[in-house]
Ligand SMILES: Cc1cc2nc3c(=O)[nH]c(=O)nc-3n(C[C@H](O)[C@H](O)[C@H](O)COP(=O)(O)OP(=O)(O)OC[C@H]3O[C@@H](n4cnc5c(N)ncnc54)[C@H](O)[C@@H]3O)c2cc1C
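The form predicted on its own is given below as one chain in structure tokens.
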């Protein structure tokens, strides 16, 4: 392991991998990434891996739109030997309450203003898009064909392989135990495999973002929360788009090889680092999805697992620098949406580090917004 670097990136999930790659792409020659386990072992490898432009806030729409622009050419850009399995077959967002339907109509107005070609659907039109769907109780839906999903393991690995080809160093099983400063400046990263002298450190530690921030005296207003997920056996083609409803708290996608990946939120889930699984989740997930898609009855579940959302007060990420801590950057608090934002966030953070004007203005996503009371609340989250 190198004893010095220009930049140390903490976290081997897709966000850290994207930042590391983009730094190397920007010409930073000496970048080291430290991951306390293996790549994509935290939230990235446990996520649903959806990518969507259908949001309610302008900020999320803008950055997700830019992220999809990158996703569309990412396989070629990273020159990956395998397939990141990026598929654009849309999201069908389903409303089951009047309040949700009203919000969807407002969302579409904002989306259209920002160039997102989403459409409003009646229940009958939603059933034309997904013929196996039971539309009973549905107020309406929205659909955007540009939304999609990808493979989180292959996407992260593709970034890391490209990063290493550009001269970067990836250190698995290398836990960061401390960050030393000289005055107000970052000077050294301490790890279980030795120290790395570096003037710049990036906190992309996912669920462990708050402990890493505390190493430089930064208090992050985030918390972690378990979200459970399951995958079924492969079956014949049922539907193309990702199915999602915020009032039901569900999402479900059919992967390229036929299995279905789905999750459902629990409003009573306690804060913490529990990643165990429950039979209650399995029953609720099965009941809701078999009601929505009766063709799923009898399909066997292969396994279930849990991952952690790292949630910010307004469900937007916390990006950039912190006044008074020179050389410290952060890309944290993605609230379950880190995978879809990773391509553009990697680009933006790398631009900031090398002194370029970020290609998208993210100044309102800084940590200081919470003290200013300038929150960007996102109304459309599972």
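Positions refer to the first chain, counted from 1. The structure displayed is predicted, hence computed values, not measured ones.
The same protein has a further form, the form predicted in complex with the named molecule, not shown here; the description that follows concerns it.
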{"property": "Partner-contacting position among 31, 318, 47, 348 - heavy atom within 4.5 Å of the named molecule in the predicted bound form", "result": "47"}
{"property": "The unique member of 212, 292, 130, 160 whose heavy atoms fall within 4.5 Å of the named molecule in the predicted bound form", "result": "212"}
{"property": "Partner-facing stretch of 304-312, 108-116, 180-188, 77-85, counted where any non-hydrogen atom is within 4.5 angstroms of the named molecule in the predicted bound form", "result": "304-312"}
{"property": "Residue contact check: residue 57 to the named molecule in the predicted bound form, 4.5 Å heavy atom", "result": "no"}
{"property": "Close approach of residue 227 to the named molecule in the predicted bound form, 4.5 Å, heavy atom", "result": "yes"}
{"property": "In the predicted bound form, residue 174 touching the named molecule (heavy atom, 4.5 Å)", "result": "yes"}
{"property": "The named molecule contact in the predicted bound form: residue 26, any heavy atom under 4.5 Å", "result": "no"}
{"property": "Residues of stretch 144-163 in contact with the named molecule in the predicted bound form (4.5 Å, non-hydrogen atom)", "result": "none"}
